[in-house]
Structure formats: structure tokens, C-alpha cells
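To begin, one chain is listed below as C-alpha cells, in the form predicted on its own.
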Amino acid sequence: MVGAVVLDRSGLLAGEGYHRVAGQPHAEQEALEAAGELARGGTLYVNLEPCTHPHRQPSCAEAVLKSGVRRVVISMTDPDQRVRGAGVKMLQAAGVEVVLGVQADRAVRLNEFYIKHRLTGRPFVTVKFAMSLDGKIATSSGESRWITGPEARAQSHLLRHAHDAILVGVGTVLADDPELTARVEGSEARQPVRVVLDSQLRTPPTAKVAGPNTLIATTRVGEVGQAETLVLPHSADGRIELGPLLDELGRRGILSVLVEGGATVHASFFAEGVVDKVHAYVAPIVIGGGRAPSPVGGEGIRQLADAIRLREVDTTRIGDDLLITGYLDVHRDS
């Protein structure tokens, strides 16, 4: 997600652009083309370092040099191994003034999916759930529709649309038969890949997810409707190992995964330490009941000092519900 702005010599807006979609001109090229000769002697602002690798002609860094701008303000270097400072060096070697690090924190958050993928080869993992005030995701009978209101549900579809893949466990498929689609106006052309954790291949061929654009991660060889099955290593208790799954998703170009449960799946992701961010929708209702499920299953912790903590926590009111987001804190109290 890259945007660029060009100011002319006198500091007036001369051109702007952004990278619209893969295969389209990059932000710098779009902005410089809009500015034309007004770019000469001016300043280019861009939130990600101009690329140097020959995936297009000219590269963004070459386009910047050709434009004649005298100063480039960049928020952050590109973590892609083909760049990683090469764009900055090329500009500086040609005598262009480079200012690096302006609004770097915001630039990192803007492209957190891309950065995680480029640095680790794995997608950024977001765990999302909706719960009552007393921490329940369903009643003791299993009813869960709907805990949150229509505004929060609409926002959660935008969250789905923002991710490359949605992941659930087979228990969710058997209980709810979800479509796992992003129902957002104008989103028909881009739906996230649906991923189902199903170690024993229990997904029915008639399930709504048993079609194209679905990947069923399993430990058994078999077919499920039109979905693709992916056989992966498993732990001693038969559970799919999440590391190899995330590695494979990363190799397929999936930069982000939205994990939507259920409780056992959430517990596995937290236990293996592969969660990057949490989106928790809290509804102003009380469900009660000792047998009603909570968002994260498993055995849990025995001491509060071992609790998983979030940082950079933010809260947003959505209708009558509250959305709490935060990043996993790798430093726990001792």
C-alpha cells in the first residue's frame, strides 16, 4: 500500500498517485507522470522506498532520477530482499537529497502484512472473535448468531476483505456451514482464500466451503468437493502443525490470514506463538453458563504472569458493540 505526492519548486502540489493493484504503475511513477515537468527541482514524498529491481521499466528509482526531483522524503526502506536500501543508495549516489524515516511508525502499520511476509516468508496472522461481556462466544447449546449487532458484523466483513485468507477449524464448518466470504459492495472480484484446518478430513463435500478458492489443510490424502487438499505434518496428538501451513501460505503469495476460530483453533495459534494481532468484538450482553464456550479454548495458563498480553491497544465503538484491537506483546512479565 504505497502513495506518493510531488511538490514543485515552490512547494505547491504538482502530482499524486498510489499503487492501485498488482501489475499497475507504482505510486511514484503515477505521481511523477501527473506532475510532468513540474517535478523537476521539486520534492517527492513516498511512504515506501522506491524499488530498484527490474520488474518494470524503468524501476521506480530510475523514474525518480529521470524526473529531475531534487529531494525525496521516504517513510521507510523496503523490506523486500531485492531492495532493502538499494533505492536510497541509488538516489543518493546521483546527488538527490534523501530524507528517511518520516512517519516511519505509521508506514510500518500501513504495510504490516507486506512487511511480515517479506521478512519471514509467512503471512501476518490476525485472530478475530466476537464475545459477550462475560467472555462467551456462544450459548451452552451452541447458538452464536448473532452476538454482535449489524454494524459490527458489517465491519467484520471489511476486515475479511482486507485479508488474503480466512481460516477456521472443521468444527466451525460442521456446526455452522459458513460461506467464509467477504460480503462487501464491489468485492465480487476479490474474495479471500478460504482455509479449513481439518486433520481427519471431516469436511462434507456438500459444505459451502467445499468449492473453488478453498484450501483444506489435513493430515490425510483425499478429496473434498472442488476444494484443494493440502497434506501437512502433524504433532503427536494429531493436530496440524501451523508452522508448515503458514510457510506454504506464504509461498503461495498470501500476505495475511484472518483466523476466525473456533476456540480450539484460536488456542493452537496462541500456543504456537504465531499470532500477530487480535480483533475482539465485545457485545453488551451477558450469556452466562459454565459450559458456554469462550474465544480461546485449551488448558489455558495457570499463572497470570504467563498471560498473553497485547500492546498498542485501541478501542472503537461500533454501534452498541466495542472493538478492541492490539498486537501480541512478545515480552511477558516474569
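Computed from a predicted structure; not experimentally measured. Start at 1 with the first residue shown and count on from there.
Keep in mind that the form predicted in complex with a small molecule is missing from the display, and what follows is about it.
The small molecule is not shown here, but in the model of the complex it comes within 4.5 Å of a heavy atom of Ser268. Contact check for Asp80: every heavy atom lies farther than 4.5 Å from the small molecule in the model of the complex. In the model of the complex, at least one heavy atom of Ala175 sits within 4.5 Å of a heavy atom of the small molecule.
Among residues of the shown chain, Thr264 is one whose heavy atoms approach the small molecule to within 4.5 Å in the model of the complex. Note that among 224-232, 110-118, 247-255, 127-135, the stretch whose heavy atoms approach the small molecule to within 4.5 Å in the model of the complex is 127-135. Judged against the small molecule in the model of the complex with a 4.5 angstroms heavy atom cut-off, the residues Arg20, Gly23 and Ser67 are out of contact without exception.
The contact residue chosen from Leu215, Met76, Ala182, Ile147 relative to the small molecule in the model of the complex is Ile147, the criterion being a non-hydrogen atom within 4.5 angstroms. The partner is absent here; in the model of the complex, the one residue of Met90, Ile240, Val193, Ala207 having a heavy atom within 4.5 Å of the small molecule is Ile240.
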